[in-house]
Structure formats: structure tokens, C-alpha cells
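Take a look at this single chain, the form predicted on its own, given in C-alpha cells.
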């Protein structure tokens, strides 16, 4: 045994996916970008249905121009963390704008969405506290639990009653309680019952953190996420999100009305010891935030597109989740089926994400698709037709529905 022997199993599993000429699904290269919805992969124009670019803003001309101007004025990097030399006027402007958009007292901006979860959860829930996690939580949430020192208790996915039972079992125990849920779950597209979770948290004297990474810009009257859509934005203690989905850039944030957020900055290691976002990213993010505020019709178009694609996959006989959201998972029974279908889709010009056990919620493989507001009806229908053709080519037995 050597230090690297632990990777032998990874090697073997990867070989099983790429054998007989198959591709490495975790190393697809987009050679160039034509638009938010199409790119060149393996020399072919390919429909992009796996990029999380929900509002299609990664190519926003105003954001590109803002980034160019910021780089000319501030340079291309900060070379320091937020508590050293890494806070520039642009960082404070973005934090103020995000806080104002949410109607919250303050905002912390992180270098990635992963670090936002990692930092906030591990800092808030200390060694004498209890951390309650939805069983289908994102890897960044589980990694935050490992970094922190709180006692971790899992509850069943999207099950407020199960959360209530688990909170009730520690009634009278000292220490704080933090409940963490997601607005839209990244693998399945399931939407959390935020109001019910907020009711349970309030009854059991727990604080609630909602990760709106996949729901910001998607749900709610002004696109602020699942908590706004449920009418309980004022009952959520901390909202965490990312810039790498609807914003179309990169980075993360946390907003809160609690004044102690000022002190979290001085205790949060993933915030304190990481270089801050470069000025061009901050400027581009402010531009896309303004676009989200100014163009609410993007959310309407996004959900219309999601409904069209969801209905199309179900019509050709593929199994998906019951809820319509921009994340739509086509669930397969066996890994070889999923791998073959993913490869054939790429052959035919559609890129989606291949998700395999144990990373999937119920240990079944799935093709994770993400829909954009910028997809045209023709592109959506074409992608559905290609799914049907690829399924036939792979010998999958599907029963089309009327």
C-alpha cells in the first residue's frame, strides 16, 4: 500500500466508464462558446443543456463590458483575502446591492458558492451545537459539517415532520440548533417546502439557513428564491447562494438580518484565508444582478421552457421527477444504460450532465439537465427529439405517452 493506492478504485471505476472507446464524462471540454445555449464540443455545434446558466446571463454584453472596465481600473486580481488587502470598493458595493435586493441588513461575499456554505455552516454551528441536514444535501453542506464541530443529525429529504421529530428528541439539551435546507435540490430539481421548515424551526427554537443556489433568479415574485416564493423570507435567518448559476459568473454570498454577521467575518476560515474575488468578476456580477432585477420576464420564460422540456421528456417515456424546475433529471435503472445514453446524446449534439451513484439521491443513475431562459422552443424540441433518437439507438425500452 502506498499513499496513492486509495485511488486504485477510482481508476477502475473510471475505466469501466470509458472502456470500448467511451468518453470520460468528467472531462468534457467546451472548445468555444457560440452563445449561452450552444458551444463547440469535439468540433461539433452542441446544444448546452447542462450548464446551470439558468437565465443565460454568462454572455450578457453589459456584464462583459463591466468586467473590462473594472480590469482596466482595478487590475485583474486582489492578491489578498477580504480581511487583509482583498476588500475593494467594488466588493462593498456588491454586498450592499445584494443585501438591499433581499431586504436584509448585511451580506458577505465569498470567492465561491462552495465556500459560502463551507464557511457559514462550519462557523455558525459550533462544538456544543446541533446541525440538522436534509439527507439529500449538496456536498458543500456535508463538507461544512465535517469542517465544523457540531453534532450532525440528518433528517429525511423534504420531510418537515421528520425534522420536527428529530428536533424534539433533543428538547432541553444545551446548545444552538441550525437547520440547513436547499431551495431547489441540484440533482433532482425538487423544491423544498420552505414554509413548513420555517414553521418547524420557529417552533423548536432553531435557526434556519436556506441554500438558494439553484433557486435564486428562478423562484419568487422578484426571483429571490424559494423562501420568497413561500412567503417566509423574513423567517429565514441566513440565505446562502452562488453567482455561478443565475448570475452567470462565479462566487458566493450569505445575507442575514442578524448583526452578528459582522463578527462571522472574523471567525469564518473559508472567508478569512482565501483570496477575494477579482474586480472584473465583482463588476460583472453587479451587472447581471441589475439585469435580473430589470427583467422579471426572464423568470417567466425560464419556467415556461422548463415545463416544455419536462413535458417533452415525459412524453417520449423517460422518467423524471414530478416537480417542474430548471433542473430536470432523467432517471435510468442501470449505470451502463445511463453511460451509453449520455455518450449517444453527445454524439448527436446535446450536452447534459451524467450523475452516478453514490452521488445520486436514490443510488440510481441519472442524466441531469438544466434549462435556460435563453433556450428557444425549437432548441428544446430538438433536444427532446435527440433524447428519443439516442434512447432508440441505445436499445432502451421507452413507452411514449400521449
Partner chain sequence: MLTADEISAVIVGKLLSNPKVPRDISGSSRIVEDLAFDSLAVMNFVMEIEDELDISIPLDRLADIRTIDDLATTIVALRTDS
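Everything quoted here is computed from the prediction, not taken from an experiment. Numbering follows the first chain given and starts at 1.
Although it is not shown, the form predicted in complex with its partner chain is what the next lines describe.
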Partner contact for residue 74 in the predicted bound form: its partner chain, 4.5 angstroms, heavy atom: no
Close approach of residue 293 to its partner chain in the predicted bound form, 4.5 Å, heavy atom: no
Non-hydrogen atom contact residue 27 with its partner chain in the predicted bound form at 4.5 angstroms: no
Proximity of residue 152 to its partner chain in the predicted bound form, heavy atoms at 4.5 Å: yes
Heavy atom of each of 96, 100 and 235 within 4.5 Å of its partner chain in the predicted bound form: no
Single option in 308, 315, 165, 195 placed near its partner chain in the predicted bound form, where near means a heavy atom within 4.5 Å: 165
Heavy atom within 4.5 Å of its partner chain in the predicted bound form - residue from 360, 38, 58, 353: 360
One stretch from 182-190, 154-162, 209-217, 107-115 that, in the predicted bound form, holds residues within 4.5 Å of its partner chain by heavy atom: 154-162
